[in-house]
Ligand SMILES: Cc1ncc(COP(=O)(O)O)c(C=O)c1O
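Form predicted alone, single chain, as structure tokens, below.
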């Protein structure tokens, strides 16, 4: 007897495309036959300095790894509450902000409910919306990557969406939403999720976390992946309206955060002043790289408030630029999506990384 597994799967899953993540470092190294130390990795917005040295030192001393972690992640929640001057009761920890993006939908979305997405933006919003059988309604951004507020307001009237996800600074362009824009969105009858993964690199690093108590429809997400250099350990957090948290805690996986990830986050928070200095280095290098990219005649870099710079590629194929750099062991991002096919995105690395990138680009003149 034959068994057709597709007959047992949810129909909308059969139709959805897979998310395309960045290839692992070691895989690229093998493909290019270049040692990992010879690769300049500027394709995933990772922190080039990695975690503070105190983090691996503390992790090496960890004991009791055979014991399950605290399902409520109390230590790191308490430290985050002190850091942000908010209540622990408003904080939920996730395996990166990605887990929380999905978990919010699991609580809110019934099949067919509408989710507003504003591309170009982080691809996980649409991916998780499709995964949760939402109707993903795209309200594209304007040419300068600002939001089409009138279009969003009309979509709320016409389709009664439950959720809107907005990255600020936005990925891939690095633009920051203004207070006036966010206040206008919060006045609409829908749940507004602000993804502040890159906010520490911006001119408004305080973000909107302390505003959550003033709005019943505001959620703010953060991550330790970028500014703290913990992308490989997968730990992020969200600040939620008080009555949302018990439902979220009941729905999440009980042991979603490993003891290693929580200890790394706690160690980071204990030495936060050192992380701030590392962030300042990245911001300074962003300014230097912006100036040098501006001097490349066939590139048009956009101003950025994140740890990456988006560039429009003029009079040549952007995908080819990416591939030529890749052959030299320099990894950047190219997007094969509407509005971005003639663009590349470059993460901020160390000064030597920038120098190698610029040298390679100049040779393409």
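Computed from a predicted model, the values in this text were never measured in an experiment. Numbering follows the first chain given and starts at 1.
The form predicted in complex with the ligand exists for this protein as well; it is not shown, and the discussion that follows is about that form.
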Triplet 288, 330 and 353 all within 4.5 Å of the ligand in the model of the complex via a heavy atom:
no
Segment assignment from 79 to 87, 203 to 211, 118 to 126, 264 to 272: heavy atom within 4.5 Å of the ligand in the model of the complex:
118 to 126
Taking 4.5 Å between heavy atoms as the contact cutoff, choose which of 225, 175, 130, 279 touches the ligand in the model of the complex.
225
Candidate from 167, 164, 104, 134 lying within 4.5 Å of the ligand in the model of the complex - any heavy atom:
167
Quick one: does residue 234 come within 4.5 Å of the ligand in the model of the complex, counting heavy atoms only?
yes
So in the model of the complex, does residue 217 come within 4.5 Å of the ligand, heavy atom to heavy atom?
no
Contact of residue 171 with the ligand in the model of the complex (heavy atom, 4.5 Å):
yes
Using 4.5 Å between non-hydrogen atoms, is residue 113 touching the ligand in the model of the complex?
no
Just give me the residues of 180 to 212, first to last, that have a heavy atom within 4.5 Å of the ligand in the model of the complex.
195, 197, 198
